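Just one chain is shown here, as structure tokens, and it is the form predicted alone.
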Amino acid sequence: MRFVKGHGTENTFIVVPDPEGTLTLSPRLVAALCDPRRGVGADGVLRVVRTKAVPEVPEVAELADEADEAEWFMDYRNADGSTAEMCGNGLRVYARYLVDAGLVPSGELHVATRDGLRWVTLGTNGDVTVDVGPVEVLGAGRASIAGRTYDGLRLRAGTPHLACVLGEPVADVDLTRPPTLDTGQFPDGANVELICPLAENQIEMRVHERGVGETRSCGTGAVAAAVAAAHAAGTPGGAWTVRVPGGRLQVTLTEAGSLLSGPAVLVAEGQVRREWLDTHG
């Protein structure tokens, strides 16, 4: 199994080329690959597969009429082996790989995800912009973190989120353990964002990702954080700078949807040994 490792603001991914859909990525294998001690180490796995090669994926079957618009499907897996509907930083790294590997020309392209088609644009300066689409505001929610309760806004930005605007530095919150959520509000779990306003249209954010843990960045989380900050400030969407531990992301909120921009870097490539695969697959 060949792989490429990359990151988007230090949100790390293992990219696995599988154009014809011949590989079997079991949850056990994905978890082992993402483990930094016994595997390659990453926050998730991006399987690069042609959309027409995975008709067994229900979400892809629903895109059958639009498949000609998106040759490639981003089969995203969390570090625990579970699947996720969308991943903003992952999609930016995925698009960077497609161009770098010569599978698509640089510029603009559609990519299929479990949350539908997404439009991606590769800039000349190395940044990649993803159209995350409209963000659905679902109402108030709360999470319990290290014995404290935090109120936030329930959102759907491709994946479910609880975005909490705090009146304190986000560094003060203990995210070593998963937040506890109301299963009635979040039957499938959610990413939890902690947000602190810094200046006009600038925020800092930490995130605990569903199926992963605390990560250095989260693309859809940055979009959710910008929406929650705008909602708390009572301001229209506009352009937001989101500072995460791994760098900075730009989020633009419009009436039509949301755009996420930032760097996407391919770091290394290699091959997973057959003996290791046989042991962990």
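It should be emphasised that the depicted structure is a prediction, and the values quoted were computed from it without experimental measurement. Numbering starts at 1 and runs along the sequence shown.
Unshown form predicted together with a further copy of the same chain; subsequent notes refer to it.
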Item to check | Partner-proximal stretch of 29-37, 223-231, 247-255, 49-57 relative to a further copy of the same chain in the model of the complex, 4.5 angstroms, heavy atom | outcome: 29-37
Next on the checklist: For the three residues D80, R148 and Y150, which mark the spot I'm curious about, does each lie within 4.5 Å of a further copy of the same chain in the model of the complex through at least one heavy atom?
Outcome noted: no
Next on the checklist: Although the partner isn't part of this model, could you tell me whether L25 comes within 4.5 Å of a further copy of the same chain in the model of the complex, counting any heavy atom of the residue?
Outcome noted: no
Checklist entry - Using heavy atoms and a 4.5 Å limit, would one call E85 a contact residue for a further copy of the same chain in the model of the complex? => result no
Next on the checklist: With a cut-off of 4.5 Å between heavy atoms, is V265 one of the residues that contacts a further copy of the same chain in the model of the complex?
Outcome noted: yes
Next on the checklist: V272 versus a further copy of the same chain, in the model of the complex: is there a non-hydrogen atom within 4.5 Å?
Outcome noted: yes
Checklist entry - Which residue among E71, D127, D100, D182 has a heavy atom within 4.5 angstroms of a further copy of the same chain in the model of the complex? => result D100
Checklist entry - Hey, which residues along 1-39 are within 4.5 angstroms of a further copy of the same chain in the model of the complex, non-hydrogen atoms only? => result F3, K5, H7, E10, N11, T12, P36, R37, R38, G39
